[in-house]
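Let's start with one chain on its own, the form predicted on its own, as structure tokens.
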Amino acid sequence: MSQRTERRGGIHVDQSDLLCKKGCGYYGNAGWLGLCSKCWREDYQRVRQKQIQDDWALAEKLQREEEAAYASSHGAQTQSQSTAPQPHPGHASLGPFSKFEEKKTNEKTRKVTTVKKFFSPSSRTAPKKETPEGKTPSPSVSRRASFDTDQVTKDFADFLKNLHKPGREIQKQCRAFIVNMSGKKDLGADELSECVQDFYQNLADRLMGHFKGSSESVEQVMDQVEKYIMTRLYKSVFCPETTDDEKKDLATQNRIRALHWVTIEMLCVSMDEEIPEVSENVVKAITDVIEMDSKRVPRDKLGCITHCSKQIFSAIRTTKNEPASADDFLPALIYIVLKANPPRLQSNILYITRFCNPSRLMTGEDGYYFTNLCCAAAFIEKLDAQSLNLSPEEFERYMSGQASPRCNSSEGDWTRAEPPPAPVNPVLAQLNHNLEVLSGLSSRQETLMEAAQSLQADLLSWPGSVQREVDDVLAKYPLEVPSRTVSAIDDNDVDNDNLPPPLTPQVFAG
């Protein structure tokens, strides 16, 4: 038990660590340096405002230096011109003054251009790859309207019809925002996230005034707005080219592949996969976390995480015959992520972090489960020998593939298997069982088809055999019908001679 507690200590995360580091009570996020979305936006805007002020100060400094350089050069020119013949007094000051005004105008234009360069997105983010035509095509031309997009647009319009006038205003603002975002493809991921979050905040504030503080109604409308906007913007904001999200995805996938040898006992997961119900919960949890990548809306991706987490809690509850605790959940979630190796895990986490309705990530079960998933991903990246209660030598051998761990139930420690036994994966075991059942059904089907074909052949040959048997019987026993003579009915009556003669008809004259 002490060894199990020791191992559990390697992956235990205090529940207070899931909250915002500033103590606001909301859930934090590794993507926000442990802060909640509210505190992160406040810090981000504070840093951004300071950067703007520093840029303005630098621009003003450059302007003063240029004006000083111009004044010194202009003074030298004036001094050299003082030795030349003086023109007409009316025109003596006009020429230099006009040149000074022109130079000053040029300096102001240069100042404005310099300041604009400081705030332009291209100066802070990497340029986006150009299309073969040399320019970014219009979204209305290049994007094909998929069935999902059309369906979401139709559902959104039907939903807004119930709101009457506010619904038309919301639809107008959403369309304008989408058109505005279509021209900001060169912005970085943080700038795109800031634009979306600002739109969420402004729209939510207006809705709070319309619904007179009904947070439930506002949340319902914001869910539909998020679904509509993010479905339309998904291709341009998910894993954008200006970020290294794809590189992070590949690194995470390679890391999980390298940790394929980690077993459920190493993580001290309170799940017994030998129980059929638990095995089914594990399979469903793996399916849910993999299905997350197929969703477009951040809320739907959060829904997959929530469904996965509930399957894990159900598996732990079935195994322990008691309610699952938070300490049991995180190791089980890590195990599910290692077994599933979800596609584009980092991109999905960052996408939810950047564009989800912030209220969902700060509170509620969705926020709790998502924060645990972020912790699981961070734990997998930093997994080491101490976390699994292994020696550094054992950990390196397992990582390099030189050895394969197995659990010695009598000693409770990890030893090297010679030769390494095949790991008993309940999913693979169920798959093999299903394949055996299908193989048996296939052989039975073949036998049935052979019997059916034989019966069909017998039915086809039966009329001919019956006809042959009838012909043989008729040939062997021909049918003989004796001839019969036609006679009167009373020919054989012996009393006919004693009968009187028949009556002769007589005609009476009338």
Partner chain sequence: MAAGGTGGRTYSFKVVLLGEGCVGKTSLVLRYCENKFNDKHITTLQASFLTKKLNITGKRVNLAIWDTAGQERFHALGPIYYRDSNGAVLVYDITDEDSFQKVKNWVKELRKMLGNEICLCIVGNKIDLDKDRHVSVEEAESYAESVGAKHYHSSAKLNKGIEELFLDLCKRMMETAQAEERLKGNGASQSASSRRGVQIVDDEPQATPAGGCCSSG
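Residue numbers count along the first chain shown, from 1. Small disclaimer: the values here were computed from a predicted structure and weren't measured.
Quick note: we don't show the form predicted in complex with its partner chain, though the next part is all about it.
Note that among 391-399, 377-385, 290-298, 236-244, the stretch whose heavy atoms approach its partner chain to within 4.5 Å in the predicted complex is 377-385. Shown without its partner, this chain lists Ile352, Cys308, Leu267, Val225 as candidates; in the predicted complex, only Leu267 has a non-hydrogen atom within 4.5 angstroms of its partner chain. Checked against its partner chain in the predicted complex, the residues Leu438, Ala176, Ile275, Leu428 give one hit for a heavy atom within 4.5 Å, which is Ala176. At a distance of at most 4.5 angstroms from its partner chain in the predicted complex, none of the three residues Asp150, Asp158 and Lys161 contributes a non-hydrogen atom. Among heavy atoms of His210, some come within 4.5 Å of its partner chain in the predicted complex. Looking at Lys172, you'd find a heavy atom of it within 4.5 angstroms of its partner chain in the predicted complex.
Its partner chain in the predicted complex comes within 4.5 Å of no heavy atom belonging to Gln346.
At a distance threshold of 4.5 angstroms between non-hydrogen atoms, Asn357 is out of contact with its partner chain in the predicted complex. For the partner-free chain shown, Leu361, Met362, Thr363, Gly364, Glu365, Gly367, Tyr368, Tyr369, Thr371, Asn372, Cys374, Cys375, Ala378, Phe379 of 351-381 come within 4.5 angstroms of its partner chain in the predicted complex, judged by any non-hydrogen atom.
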